[in-house]
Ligand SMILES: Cc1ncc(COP(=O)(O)O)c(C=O)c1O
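Given next, in C-alpha coordinates, is a single chain: the form predicted on its own.
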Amino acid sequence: MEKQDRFYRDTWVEVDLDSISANVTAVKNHLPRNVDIIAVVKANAYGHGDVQVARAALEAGAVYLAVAFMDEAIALRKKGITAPILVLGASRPEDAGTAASLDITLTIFQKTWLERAQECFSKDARLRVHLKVDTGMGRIGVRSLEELTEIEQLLQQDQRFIFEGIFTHFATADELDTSYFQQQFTAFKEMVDGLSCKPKYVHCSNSAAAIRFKEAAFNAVRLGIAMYGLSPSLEMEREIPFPLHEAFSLKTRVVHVKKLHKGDKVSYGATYESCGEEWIGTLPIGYADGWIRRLSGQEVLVGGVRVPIVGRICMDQCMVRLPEYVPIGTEVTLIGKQKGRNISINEIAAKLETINYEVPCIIASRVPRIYKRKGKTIDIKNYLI
(Lines give C-alpha, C1' and ligand atoms only; values in the text may rest on other atoms or scores of the structure.)
Protein backbone atom coordinates (compact mmCIF):
# COMPACT_ATOMS: atom_id res chain seq x y z
CA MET A 1 0.00 0.00 0.00
CA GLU A 2 1.21 3.47 -0.84
CA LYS A 3 1.76 5.78 2.09
CA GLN A 4 -1.53 7.12 3.40
CA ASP A 5 -1.73 10.40 5.32
CA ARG A 6 -5.42 10.09 6.12
CA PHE A 7 -5.30 7.35 8.77
CA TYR A 8 -2.97 5.92 11.37
CA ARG A 9 -3.75 2.23 11.63
CA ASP A 10 -2.48 -0.78 9.73
CA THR A 11 -5.85 -2.10 8.60
CA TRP A 12 -7.68 -0.82 5.54
CA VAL A 13 -10.08 -1.64 2.71
CA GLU A 14 -9.05 -1.19 -0.92
CA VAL A 15 -11.81 -0.51 -3.45
CA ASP A 16 -10.91 -0.95 -7.10
CA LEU A 17 -13.04 1.60 -8.94
CA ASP A 18 -11.94 0.16 -12.29
CA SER A 19 -13.74 -3.05 -11.29
CA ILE A 20 -16.90 -1.06 -10.51
CA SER A 21 -16.69 0.60 -13.92
CA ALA A 22 -16.01 -2.69 -15.70
CA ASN A 23 -19.00 -4.38 -14.06
CA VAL A 24 -21.35 -1.53 -14.98
CA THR A 25 -20.07 -1.56 -18.56
CA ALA A 26 -20.44 -5.34 -18.85
CA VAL A 27 -24.06 -5.26 -17.70
CA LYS A 28 -24.83 -2.27 -19.92
CA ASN A 29 -23.41 -4.07 -22.96
CA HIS A 30 -25.43 -7.16 -22.07
CA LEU A 31 -28.75 -5.31 -21.89
CA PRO A 32 -30.94 -4.33 -24.83
CA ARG A 33 -30.21 -0.89 -26.22
CA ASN A 34 -31.84 2.12 -24.60
CA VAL A 35 -32.10 0.46 -21.19
CA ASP A 36 -30.85 2.77 -18.45
CA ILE A 37 -28.90 1.66 -15.39
CA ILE A 38 -29.89 2.76 -11.90
CA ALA A 39 -26.83 2.18 -9.72
CA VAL A 40 -27.76 1.04 -6.21
CA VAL A 41 -25.42 2.69 -3.68
CA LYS A 42 -27.40 2.19 -0.49
CA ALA A 43 -25.67 1.16 2.75
CA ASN A 44 -22.58 3.20 1.85
CA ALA A 45 -22.50 1.40 -1.50
CA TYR A 46 -22.61 -2.00 0.19
CA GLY A 47 -19.70 -0.92 2.37
CA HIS A 48 -17.55 0.23 -0.57
CA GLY A 49 -18.06 4.00 -0.24
CA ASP A 50 -21.15 5.83 -1.46
CA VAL A 51 -19.85 8.87 -3.32
CA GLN A 52 -16.79 7.16 -4.78
CA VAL A 53 -18.84 4.27 -6.19
CA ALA A 54 -21.57 6.64 -7.34
CA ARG A 55 -19.12 8.68 -9.39
CA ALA A 56 -17.50 5.58 -10.88
CA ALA A 57 -20.90 4.15 -11.82
CA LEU A 58 -22.09 7.40 -13.38
CA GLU A 59 -18.86 7.74 -15.35
CA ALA A 60 -19.38 4.18 -16.64
CA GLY A 61 -22.86 4.96 -17.94
CA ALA A 62 -25.35 4.76 -15.09
CA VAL A 63 -27.91 7.59 -15.26
CA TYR A 64 -29.62 7.29 -11.88
CA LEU A 65 -28.65 6.34 -8.33
CA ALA A 66 -30.71 4.50 -5.74
CA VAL A 67 -30.45 4.43 -1.95
CA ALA A 68 -32.57 3.02 0.86
CA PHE A 69 -33.33 6.14 2.92
CA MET A 70 -33.49 9.90 2.56
CA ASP A 71 -30.50 10.35 4.85
CA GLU A 72 -28.35 8.46 2.34
CA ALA A 73 -29.61 10.60 -0.52
CA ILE A 74 -28.98 13.82 1.41
CA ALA A 75 -25.45 12.64 2.23
CA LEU A 76 -24.75 12.21 -1.49
CA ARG A 77 -26.13 15.67 -2.25
CA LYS A 78 -23.89 17.19 0.43
CA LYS A 79 -20.91 15.45 -1.19
CA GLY A 80 -21.64 17.08 -4.53
CA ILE A 81 -23.63 14.41 -6.36
CA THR A 82 -26.13 16.10 -8.68
CA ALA A 83 -27.41 13.04 -10.55
CA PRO A 84 -30.99 11.84 -9.95
CA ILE A 85 -31.34 9.82 -6.74
CA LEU A 86 -34.23 7.48 -5.94
CA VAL A 87 -35.05 6.56 -2.34
CA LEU A 88 -36.23 2.95 -2.53
CA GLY A 89 -37.59 2.67 1.00
CA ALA A 90 -40.31 4.41 2.94
CA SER A 91 -39.94 8.11 3.71
CA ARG A 92 -42.10 10.22 5.99
CA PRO A 93 -44.69 12.33 4.13
CA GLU A 94 -43.64 15.24 6.36
CA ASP A 95 -40.24 15.15 4.64
CA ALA A 96 -41.60 15.46 1.11
CA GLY A 97 -40.74 19.17 1.00
CA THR A 98 -37.14 18.51 1.94
CA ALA A 99 -36.88 15.86 -0.77
CA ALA A 100 -38.37 18.24 -3.32
CA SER A 101 -35.95 21.03 -2.39
CA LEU A 102 -32.98 18.69 -2.89
CA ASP A 103 -34.38 17.08 -6.05
CA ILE A 104 -34.54 13.66 -4.39
CA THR A 105 -37.01 11.18 -5.85
CA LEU A 106 -39.21 9.36 -3.35
CA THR A 107 -40.98 6.02 -3.49
CA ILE A 108 -44.72 6.11 -2.90
CA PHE A 109 -46.80 3.06 -2.01
CA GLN A 110 -49.91 4.31 -0.19
CA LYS A 111 -52.75 6.67 -1.03
CA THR A 112 -52.74 7.95 2.55
CA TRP A 113 -49.04 8.86 2.21
CA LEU A 114 -49.84 11.08 -0.77
CA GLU A 115 -52.74 12.74 1.01
CA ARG A 116 -50.56 13.52 4.00
CA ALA A 117 -47.69 14.77 1.82
CA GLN A 118 -50.07 17.15 0.05
CA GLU A 119 -50.58 18.90 3.38
CA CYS A 120 -46.89 19.11 4.17
CA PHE A 121 -45.18 20.90 1.29
CA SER A 122 -45.65 24.17 -0.52
CA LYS A 123 -47.71 24.95 -3.59
CA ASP A 124 -44.66 25.65 -5.77
CA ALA A 125 -42.79 22.46 -4.79
CA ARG A 126 -42.10 19.74 -7.34
CA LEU A 127 -41.44 16.19 -6.18
CA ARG A 128 -40.50 13.32 -8.45
CA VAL A 129 -41.97 10.02 -7.33
CA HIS A 130 -41.76 6.35 -8.31
CA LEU A 131 -44.67 4.09 -7.45
CA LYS A 132 -43.74 0.78 -5.81
CA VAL A 133 -45.82 -2.27 -6.64
CA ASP A 134 -45.77 -5.29 -4.32
CA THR A 135 -46.00 -8.30 -6.65
CA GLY A 136 -44.95 -10.82 -4.03
CA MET A 137 -41.95 -9.55 -2.08
CA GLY A 138 -44.25 -8.66 0.81
CA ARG A 139 -42.51 -5.50 1.99
CA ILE A 140 -43.98 -2.20 0.77
CA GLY A 141 -46.00 -1.52 -2.34
CA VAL A 142 -49.41 -1.25 -3.98
CA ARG A 143 -51.11 -4.63 -4.20
CA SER A 144 -54.25 -4.02 -6.28
CA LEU A 145 -55.27 -2.32 -9.52
CA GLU A 146 -57.90 -0.38 -7.60
CA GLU A 147 -55.29 1.12 -5.28
CA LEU A 148 -53.00 1.79 -8.25
CA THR A 149 -55.72 3.71 -10.07
CA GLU A 150 -56.57 5.81 -7.01
CA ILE A 151 -52.93 6.81 -6.56
CA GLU A 152 -52.46 7.58 -10.26
CA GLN A 153 -55.53 9.83 -10.20
CA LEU A 154 -54.22 11.71 -7.17
CA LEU A 155 -50.88 12.23 -8.91
CA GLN A 156 -52.58 13.53 -12.05
CA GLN A 157 -54.66 16.00 -10.03
CA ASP A 158 -51.71 17.56 -8.19
CA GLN A 159 -49.05 19.17 -10.38
CA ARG A 160 -46.60 19.21 -7.49
CA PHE A 161 -46.03 15.48 -8.03
CA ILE A 162 -44.07 14.32 -11.06
CA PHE A 163 -45.00 10.68 -11.67
CA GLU A 164 -41.66 9.56 -13.05
CA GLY A 165 -41.52 5.81 -12.47
CA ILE A 166 -43.14 2.54 -11.46
CA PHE A 167 -41.26 -0.49 -10.14
CA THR A 168 -41.32 -3.74 -8.22
CA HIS A 169 -38.73 -6.07 -6.71
CA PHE A 170 -38.25 -9.78 -7.33
CA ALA A 171 -37.87 -12.24 -4.47
CA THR A 172 -36.38 -15.19 -6.40
CA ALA A 173 -34.73 -13.85 -9.57
CA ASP A 174 -31.43 -15.38 -8.42
CA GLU A 175 -32.88 -18.90 -8.08
CA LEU A 176 -32.82 -21.50 -10.85
CA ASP A 177 -36.52 -22.23 -10.38
CA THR A 178 -38.16 -19.34 -12.24
CA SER A 179 -41.81 -20.09 -11.47
CA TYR A 180 -42.24 -17.46 -8.75
CA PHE A 181 -40.25 -14.93 -10.78
CA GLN A 182 -42.63 -15.45 -13.70
CA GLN A 183 -45.61 -15.03 -11.36
CA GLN A 184 -44.26 -11.70 -10.11
CA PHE A 185 -43.29 -10.56 -13.60
CA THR A 186 -46.79 -11.26 -14.91
CA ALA A 187 -48.36 -9.39 -11.98
CA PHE A 188 -46.12 -6.39 -12.60
CA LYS A 189 -46.97 -6.25 -16.30
CA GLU A 190 -50.65 -6.30 -15.41
CA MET A 191 -50.14 -3.37 -13.04
CA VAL A 192 -48.20 -1.38 -15.63
CA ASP A 193 -50.89 -2.09 -18.24
CA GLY A 194 -53.47 -0.83 -15.74
CA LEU A 195 -52.02 2.70 -15.82
CA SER A 196 -53.75 5.27 -17.99
CA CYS A 197 -50.34 6.75 -18.86
CA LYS A 198 -46.97 5.09 -18.38
CA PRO A 199 -44.31 7.13 -16.57
CA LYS A 200 -40.80 7.77 -17.90
CA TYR A 201 -39.22 4.83 -16.08
CA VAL A 202 -40.55 1.30 -15.76
CA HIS A 203 -38.12 -0.90 -13.84
CA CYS A 204 -38.32 -4.23 -12.07
CA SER A 205 -34.99 -5.98 -12.63
CA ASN A 206 -32.37 -6.27 -9.94
CA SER A 207 -28.88 -7.60 -10.79
CA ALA A 208 -30.06 -11.19 -11.13
CA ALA A 209 -33.00 -10.37 -13.39
CA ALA A 210 -30.98 -7.88 -15.45
CA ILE A 211 -28.44 -10.60 -16.23
CA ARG A 212 -30.87 -13.48 -16.75
CA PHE A 213 -34.12 -12.06 -18.12
CA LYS A 214 -33.79 -9.48 -20.89
CA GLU A 215 -37.57 -9.49 -21.34
CA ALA A 216 -37.86 -7.93 -17.88
CA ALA A 217 -35.54 -5.00 -18.61
CA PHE A 218 -38.29 -2.56 -19.69
CA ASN A 219 -36.33 0.72 -19.96
CA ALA A 220 -34.28 0.63 -16.75
CA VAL A 221 -32.69 -1.87 -14.37
CA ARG A 222 -31.41 -1.49 -10.82
CA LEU A 223 -27.84 -2.70 -10.61
CA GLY A 224 -26.73 -3.60 -7.11
CA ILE A 225 -24.64 -6.61 -6.10
CA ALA A 226 -23.27 -7.33 -9.59
CA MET A 227 -21.87 -3.80 -9.79
CA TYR A 228 -19.56 -4.74 -6.94
CA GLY A 229 -18.37 -7.86 -8.76
CA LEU A 230 -20.42 -10.37 -6.77
CA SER A 231 -22.87 -12.96 -8.03
CA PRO A 232 -26.45 -12.48 -6.78
CA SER A 233 -26.36 -16.11 -5.65
CA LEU A 234 -24.04 -19.08 -5.84
CA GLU A 235 -26.50 -21.15 -7.86
CA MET A 236 -26.70 -18.59 -10.68
CA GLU A 237 -22.95 -18.04 -11.03
CA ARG A 238 -22.91 -20.25 -14.14
CA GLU A 239 -25.75 -18.20 -15.59
CA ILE A 240 -23.60 -15.06 -15.83
CA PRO A 241 -22.29 -14.79 -19.42
CA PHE A 242 -19.47 -12.35 -18.62
CA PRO A 243 -16.88 -12.05 -15.86
CA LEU A 244 -17.57 -9.98 -12.76
CA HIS A 245 -14.65 -8.27 -11.06
CA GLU A 246 -14.68 -8.16 -7.26
CA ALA A 247 -13.92 -4.60 -6.15
CA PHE A 248 -13.46 -5.05 -2.39
CA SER A 249 -10.27 -6.13 -0.63
CA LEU A 250 -9.53 -6.15 3.10
CA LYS A 251 -5.92 -5.87 4.24
CA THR A 252 -3.87 -5.42 7.37
CA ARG A 253 -0.28 -5.72 8.57
CA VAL A 254 1.49 -7.88 11.14
CA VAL A 255 2.16 -5.67 14.18
CA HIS A 256 3.81 -8.25 16.45
CA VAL A 257 5.47 -11.65 16.07
CA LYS A 258 6.29 -14.06 18.89
CA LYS A 259 7.45 -17.66 19.27
CA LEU A 260 5.24 -19.90 21.38
CA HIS A 261 6.29 -23.10 23.06
CA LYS A 262 4.29 -26.27 23.58
CA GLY A 263 1.33 -25.62 25.88
CA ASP A 264 1.27 -21.84 25.47
CA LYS A 265 -2.22 -20.39 25.09
CA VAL A 266 -3.63 -17.73 22.78
CA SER A 267 -6.50 -15.22 23.33
CA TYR A 268 -9.63 -15.11 25.48
CA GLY A 269 -10.76 -18.37 27.02
CA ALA A 270 -7.36 -19.94 26.31
CA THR A 271 -9.12 -21.98 23.61
CA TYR A 272 -5.98 -22.36 21.47
CA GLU A 273 -2.97 -24.23 22.79
CA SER A 274 0.34 -24.52 20.94
CA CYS A 275 1.33 -28.06 20.01
CA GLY A 276 5.00 -27.14 19.87
CA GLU A 277 7.17 -24.24 18.81
CA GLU A 278 5.00 -21.93 16.69
CA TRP A 279 5.31 -18.44 15.26
CA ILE A 280 2.24 -16.35 16.08
CA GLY A 281 1.51 -13.01 14.43
CA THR A 282 -0.83 -10.36 15.79
CA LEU A 283 -3.10 -8.47 13.37
CA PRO A 284 -4.78 -5.14 14.30
CA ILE A 285 -8.31 -6.09 13.28
CA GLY A 286 -11.16 -7.55 15.32
CA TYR A 287 -14.88 -7.85 15.75
CA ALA A 288 -15.35 -4.09 16.26
CA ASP A 289 -14.17 -3.81 12.65
CA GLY A 290 -16.71 -6.36 11.47
CA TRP A 291 -14.16 -9.19 11.46
CA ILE A 292 -16.37 -11.08 13.84
CA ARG A 293 -15.51 -13.88 16.27
CA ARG A 294 -17.15 -16.50 14.08
CA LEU A 295 -14.21 -16.06 11.67
CA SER A 296 -11.83 -17.73 14.12
CA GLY A 297 -10.15 -20.51 12.15
CA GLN A 298 -10.58 -18.66 8.83
CA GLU A 299 -7.43 -18.51 6.73
CA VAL A 300 -5.73 -15.31 5.58
CA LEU A 301 -2.88 -14.72 3.11
CA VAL A 302 0.64 -13.95 4.30
CA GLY A 303 3.26 -13.91 1.57
CA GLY A 304 0.82 -15.72 -0.71
CA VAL A 305 0.45 -18.56 1.82
CA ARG A 306 -2.80 -19.39 3.58
CA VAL A 307 -2.44 -19.28 7.36
CA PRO A 308 -5.18 -19.79 9.99
CA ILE A 309 -6.54 -17.40 12.59
CA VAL A 310 -5.98 -19.04 15.97
CA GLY A 311 -7.76 -18.39 19.25
CA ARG A 312 -10.75 -16.16 19.66
CA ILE A 313 -10.93 -12.95 17.66
CA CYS A 314 -10.75 -9.95 20.02
CA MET A 315 -12.45 -6.58 19.67
CA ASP A 316 -9.46 -4.95 17.99
CA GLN A 317 -6.97 -7.74 17.29
CA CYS A 318 -6.63 -11.34 16.20
CA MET A 319 -3.76 -13.81 15.91
CA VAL A 320 -2.55 -16.07 13.11
CA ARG A 321 -0.25 -19.08 13.10
CA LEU A 322 2.67 -18.37 10.77
CA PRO A 323 4.75 -21.03 9.00
CA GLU A 324 7.88 -19.08 9.90
CA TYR A 325 8.99 -15.75 11.27
CA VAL A 326 7.89 -12.78 9.18
CA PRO A 327 8.93 -9.15 9.71
CA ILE A 328 6.65 -6.73 11.48
CA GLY A 329 4.81 -4.72 8.83
CA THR A 330 4.27 -7.70 6.53
CA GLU A 331 1.06 -7.20 4.54
CA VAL A 332 -1.79 -9.62 5.19
CA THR A 333 -4.80 -10.10 2.92
CA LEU A 334 -8.03 -11.12 4.60
CA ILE A 335 -10.21 -10.63 1.51
CA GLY A 336 -8.74 -10.32 -1.96
CA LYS A 337 -5.74 -11.44 -3.98
CA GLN A 338 -2.11 -11.85 -2.99
CA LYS A 339 0.65 -13.44 -5.06
CA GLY A 340 -1.72 -15.43 -7.21
CA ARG A 341 -3.88 -16.70 -4.34
CA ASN A 342 -7.35 -15.41 -3.54
CA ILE A 343 -9.75 -15.27 -0.63
CA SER A 344 -13.12 -14.26 -2.02
CA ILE A 345 -16.04 -12.60 -0.32
CA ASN A 346 -17.99 -15.76 -1.10
CA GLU A 347 -15.49 -17.77 0.96
CA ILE A 348 -15.96 -15.45 3.94
CA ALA A 349 -19.73 -15.58 3.49
CA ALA A 350 -19.63 -19.40 3.53
CA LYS A 351 -17.62 -19.34 6.75
CA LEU A 352 -20.22 -17.01 8.27
CA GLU A 353 -23.11 -19.04 6.82
CA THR A 354 -24.54 -15.94 5.19
CA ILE A 355 -24.72 -14.28 1.77
CA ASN A 356 -21.96 -12.28 0.08
CA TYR A 357 -24.03 -9.06 0.30
CA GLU A 358 -23.53 -8.99 4.06
CA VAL A 359 -19.74 -9.29 4.18
CA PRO A 360 -18.61 -5.85 2.89
CA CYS A 361 -21.56 -4.20 4.62
CA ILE A 362 -20.43 -5.34 8.07
CA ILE A 363 -16.84 -4.09 7.74
CA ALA A 364 -17.08 -1.07 10.03
CA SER A 365 -16.62 2.55 9.04
CA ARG A 366 -13.62 2.79 11.36
CA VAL A 367 -11.74 0.69 8.79
CA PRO A 368 -10.42 3.28 6.31
CA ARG A 369 -11.31 2.90 2.64
CA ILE A 370 -8.78 3.74 -0.05
CA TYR A 371 -9.62 3.85 -3.75
CA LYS A 372 -7.66 2.73 -6.76
CA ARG A 373 -7.66 3.51 -10.45
CA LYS A 374 -5.32 1.65 -12.81
CA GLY A 375 -3.62 0.08 -9.81
CA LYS A 376 -2.78 3.40 -8.16
CA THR A 377 -4.30 5.03 -5.12
CA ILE A 378 -6.27 8.09 -6.17
CA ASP A 379 -6.47 11.41 -4.39
CA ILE A 380 -10.02 11.31 -3.06
CA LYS A 381 -10.13 15.06 -2.47
CA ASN A 382 -9.48 15.71 -6.15
CA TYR A 383 -11.77 12.89 -7.22
CA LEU A 384 -14.69 14.36 -5.33
CA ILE A 385 -14.48 17.84 -6.82
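When you see a residue number, it is the position in the sequence shown, counting from 1. These numbers were taken from a predicted model, which means no experiment stands behind them.
Heads up, the form predicted in complex with the ligand isn't pictured, but that's what we're talking about next.
- Taking the partner from elsewhere, residue 357 is found to have a heavy atom lying within 4.5 Å of the ligand in the predicted complex.
- Of the heavy atoms in residue 206, some are within 4.5 Å of the ligand in the predicted complex.
- Contact between residue 165 and the ligand in the predicted complex is not found at the 4.5 Å heavy atom cutoff.
- Using a 4.5 angstroms threshold between heavy atoms, residue 99 stays clear of the ligand in the predicted complex.
- Contact with the ligand in the predicted complex, defined as any heavy atom within 4.5 Å, is confined among 317-325, 34-42, 343-351, 55-63 to 34-42.
- This chain is displayed alone, yet in the predicted complex one of 312, 169, 251, 128 has a heavy atom within 4.5 Å of the ligand; that residue is 169.
- Interface residue among 223, 133, 85, 285 relative to the ligand in the predicted complex, by the heavy atom within 4.5 Å criterion: 223.
- Heavy atoms closer than or equal to 4.5 Å to the ligand in the predicted complex belong, across 134-154, to one residue only: 139.
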